[in-house]
Structure formats: C-alpha cells, structure tokens
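This document opens with one chain alone, in structure tokens, the form predicted on its own.
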Amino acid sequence: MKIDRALFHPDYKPEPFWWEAARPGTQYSGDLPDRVEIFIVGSGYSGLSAALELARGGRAVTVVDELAFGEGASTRSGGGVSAGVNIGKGIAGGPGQAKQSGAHKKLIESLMSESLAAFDFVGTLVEREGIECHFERRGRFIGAYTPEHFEGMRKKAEDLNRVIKIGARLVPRSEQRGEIGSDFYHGGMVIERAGKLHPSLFHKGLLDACHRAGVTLCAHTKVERIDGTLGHFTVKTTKGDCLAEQVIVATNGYTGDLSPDLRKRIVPISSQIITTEELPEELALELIPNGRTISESPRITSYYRLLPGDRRVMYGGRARFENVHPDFSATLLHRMMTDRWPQLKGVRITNSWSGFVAMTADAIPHMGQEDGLHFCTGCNGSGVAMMTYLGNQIARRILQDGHCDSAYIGVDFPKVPVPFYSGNPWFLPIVGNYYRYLDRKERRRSRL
C-alpha cells in the first residue's frame, strides 16, 4: 500500500504522543542490590503498583526493567479507565462466546464486581499520591456496529447495572449525535462510571511515589534466569545476581522466555494508535460532545478519545495484528478514523505508535503463583485499571502471608490456553483477517 505523505504533519513523530509530557527514562535508576526481600520484574503499572504497596508495608523492594522505566505498554496505551465492560469477551472460546453454567456466571459477576473496585482504585491512587495525569471521569460510549449489536446491548446494559451499577444506558441511533458526531453506528451504550487519563503522566506519578517510598529501581537490567524456590531465589541479570525471598513477574504483554509457561498462556497483540493535529474548538466539540472515551462492538474494534485540552483526537485500533511500521499503520488508522468521522479527511497525523496488549483465551486477567513466582497478566484491553489493581492485590497477598480475598486468585488458566501455541503468535494475521471478514459480512447484512 502506498503511503500518502500529505497525511503527516511537518512535526510528525513515529513515537507516542504521551512521551512529550513524560518520556520513559532512567531517573531514580540505581545499582542492583545483592539481596532483597521482594524482586519485581517489570516497571509497568502492575510492577510499580505492587512495589508501592509493599514498600508502604515495610518490605524491601527492587524493581528492574529490561528497557527504560515504562517504555512498554504502560506509556503506549490509550489511557482509557473502565470497569467490567471487557470481561468475558474472549479470543478463543471465552465465556462471552459460550453458554455459561450457573457457577461460571457467578464467577464472571464476581470478577465484574471486582473490576469496578479496580476502576475506583485508580482514582484513589491518583488522589492519594497527588498524581497530575488529567484523570477525568467522563464516561464511555460504545458504538453498535450493526442493529443486531445494538439489540444485544440491551441485556448487556441490564447485566452491568444489576451487577456493578455503572450507569449503563442505551442511546438509539436517532440520539447518538449527542454522544458522537458520526452516523457510523447504529446507536450504542453509555457507561457513566468510566474515565480516561494521561498514561505516561500516570506512570510517572507511580514511579515518583515508589521512589519516595524507598523502592530500589534499576533500568536497562535484563533478567536472564531465575533459579531456586520460594524464599531462596537467585535472580540472574545483566547487572549481576540478586538473592530474593519472593519474585513478582509483571511483564504482561512483554513476557518472554524468562517465563515460558506464562508466555504460552497469553497472546501479545499489537495495538496501533495515532493522534491528530489541533482541531478547531467547534469541530472537536462536535466529534465527542461529552468528552467520553469511545469504543465499539465489532470483533476488530477501535477506541478513541480527545486528548487533554479537548482539541486533538487520539484514534487506536488493530490496523494489523502483527507489528508494522508506524507510517503504514498510521495510514490505515487514518482511513478507519475518517470512515467514522468524514469531517476529519483533511486533518493530519502528528504521532503514530504501537504497543502489545496481553490477551488470554478466556478474556479474563489472571493472578497467582507458578513455581513459587507471583504473577498477574492478561489485561485484555483494560490495562490501566486492571494491571494497577492486580499489582496491588499481589502485594497485599504477600503482606498478608498468602491470604487474598480477590476473586481473580481463584481463576485458573484454561487447560488448553490457545491450541498449537507456544509463545509465537503466528496465527494472528489469519485470525485477524477472518474476524475482519466476519465483521464486514455482518455490516453488509445490516444494510440490506
């Protein structure tokens, strides 16, 4: 596909927009200690959230990252903060795609209830630590891709309000321009208890809080191997060895060969994002009148919002399921964006980037212990809230000598996570093309 360079602003950068305010770096990075109580692999939301809780609980904690602090998904996300909406929307026969037993339904409801606690926890953390990250509770609008999807939202809204009371309500197509300046959807659903923030500034706030709490932080420190058992681990890194009583693996979509069993249970899917140049105030207000985050109902979904200041658009989605050059994904995303907002055809792109989202076969985040190592993984598109919360829950479990009342601790991975998968997601382009075919087929049928 030919790339139209006219789509790109003269100041275009193939990197996250968020980095302009808080670029991943090595501030606070120090020497790796010889010994520590708790060793955490990964400096994203979950790793820092766990470290902060543990340090405040009087434990000696070290966090290491192979990259700069936060260079992975935590500073590359769209910054949406939601509760419970994504639970049960699997990639390989998850609970949202099959008839649920009574016990399974009860479990999903428990997980949804706790996901609301995750949303509230982000707000509590922002307020308690004084994190200036443009956190706004302005709700979410989910566009119905077809009339059938809109009808399916009726029960979804009822279930959400019954279980977690998040202010879900339907918006018919005749009224949707009160939520979005587009006729692309067939109505949709508003979720009042949802929000958005600046992901890099939120991460920086967590990093600052960890430093204040006395956490040892080590950037550009790759963990090569973990030997030993609970209470007596030896963590071998490129900066030397460290003895640790307990280890937390908090690598999520960037999990590699260090944790092969964990790696084969999650599928890292590339998610691409663009941002636009500044828009006229009237046009920006027309696009998203209430400043909500926007998502949609098809299998291959998009998510978008206004940036802080409400004058620029961030548009994200699965332009491709595999990694592609930012210029290429920017061209595809611009086309998808203008399909929904034709009034943006002449608007130029200022930034384009990607990051890995960790998906699980059952579309549920997981936490627990394996071979003595603590872990949490599988954000499934809700990383800001869920990974921050589950990192905190791992820490509380350690502080409480193994006790944990989180519903997520009792959820096992599917026995066969993803068929014929060992960590290399070779099948994603095939699945992606098939899902796109099904989405187009449903869309065409809705127009007949």
Ligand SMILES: Cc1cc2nc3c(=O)[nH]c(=O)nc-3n(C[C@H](O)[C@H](O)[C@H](O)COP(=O)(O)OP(=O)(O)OC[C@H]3O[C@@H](n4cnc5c(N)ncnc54)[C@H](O)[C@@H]3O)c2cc1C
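Numbers for residues come from their place in the sequence shown, where the first is 1. Please read these numbers as outputs of a predicted model, since none were measured by experiment.
Below: the form predicted together with this ligand, not depicted.
The stretch among 108-116, 250-258, 125-133, 163-171 whose residues place heavy atoms within 4.5 Å of this ligand in the model of the complex is 250-258. By the 4.5 Å heavy atom rule, the three marked residues A194, T301 and H334 all fail to count as contacting this ligand in the model of the complex. This ligand is not shown here, and in the model of the complex it never comes within 4.5 Å of any heavy atom of A395.
Although the partner is absent here, E53 lies well away from this ligand in the model of the complex, with no heavy atom inside 4.5 Å. In the model of the complex, this ligand sits beyond 4.5 Å of every heavy atom of M367. The closest heavy atom approach of A73 to this ligand in the model of the complex falls within 4.5 Å. Taking S271, T350, Q176, S297 one by one, only a single residue has any non-hydrogen atom within 4.5 Å of this ligand in the model of the complex, and it is S271. Residues V41, G42, S43, G44, Y45, S46, G47, V64, D65, E66, L67, E71, G72, A73, S74 are the members of 35-74 with a non-hydrogen atom no more than 4.5 angstroms from this ligand in the model of the complex.
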